[in-house]
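In the form predicted alone, a lone chain appears below as structure tokens.
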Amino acid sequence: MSSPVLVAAANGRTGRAVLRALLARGMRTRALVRRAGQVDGLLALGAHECVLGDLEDPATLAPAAAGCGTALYIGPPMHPGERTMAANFLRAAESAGCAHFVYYSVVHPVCREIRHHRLKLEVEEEVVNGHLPYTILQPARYMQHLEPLLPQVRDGVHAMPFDVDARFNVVDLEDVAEVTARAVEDPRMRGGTFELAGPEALSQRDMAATLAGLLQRPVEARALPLQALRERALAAGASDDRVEQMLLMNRHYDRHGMLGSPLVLETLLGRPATCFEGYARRVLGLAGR
């Protein structure tokens, strides 16, 4: 088996999806996590190795990267230290002699008023100016936003903290993970930046209509007030900084949505990207109906 792929933030939702996709293609994986308590779950998922490290502590990253062929950086969501942590990971990959660096960015990092978009844009520049062959992936907003909403959707409400007519090319994380795995093994993707957006420009109102059709009961699209979002996030333990960035992002979404083209994603998949209805059928347990 070839040199392992080092996956940062491997225990998160995105990291786990990417690990599954890498394993499905027969690649050896090394999962980087911060806490020892996360190791058993990732080994059970199939990760070949797990290593402890802190993206804010460069000394812990050098041994993690040793012997790896590809270093794949997935950052903690909306973290104010994104640029520093990504740079630490990139330097560790360079020092370890990795052959390839994959940076998991975001669709439209040029939307600089959203801090985590701006920070990812700055990291993209650092990656392009670095010393390793690289691939930059720019995923759109996930369809997986639906999963925490399922209880309220079943009660007839689809509520998000922005205008119900703001449109997004939401994308299935499973499609993005599949392309991420391809980026690791396909040398033609090196030196490229790839926008990964879903196949439909959908509003919250559109999604509610699709869900209503599948559930065969009314589902109302609602714009959740930002104050309600703030209160829920703080009650769930989010930091003040994280909450403020969530509010800033959703104000941008309220005004502009976040559109993208599915062409790159579908070309790389070699098939149509998952549509929202197909994804919703899967999550609702209706895939065979």
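Note that residue numbering begins at 1 and tracks the sequence as displayed. Bear in mind the structure is a predicted one, so any value in this text is a computation, not a measurement.
Separately, the form predicted together with a small molecule exists; it is not shown, and the next lines address it.
- Contact annotation: the small molecule lies within 4.5 Å of heavy atoms from the stretch 97-105 in the model of the complex, the single such stretch among 97-105, 126-134, 186-194, 160-168.
- The shortest heavy atom separation between R255 and the small molecule in the model of the complex exceeds 4.5 Å.
- Contact check for L55: a heavy atom falls within 4.5 Å of the small molecule in the model of the complex.
- In the model of the complex, P80 stays away from the small molecule, with no heavy atom inside 4.5 Å.
- The small molecule in the model of the complex is approached by A140, whose closest heavy atom lies within 4.5 angstroms of it.
- Of the residues given (R251, R34, H48, R230), R34 alone sits with a heavy atom within 4.5 Å of the small molecule in the model of the complex.
- When the small molecule is considered in the model of the complex, only one residue from R91, H145, R112, R154 comes within 4.5 Å through any heavy atom, namely H145.
- The candidate spot formed by L211, P262 and T274 lies out of contact with the small molecule in the model of the complex, as no residue has a heavy atom within 4.5 Å of it.
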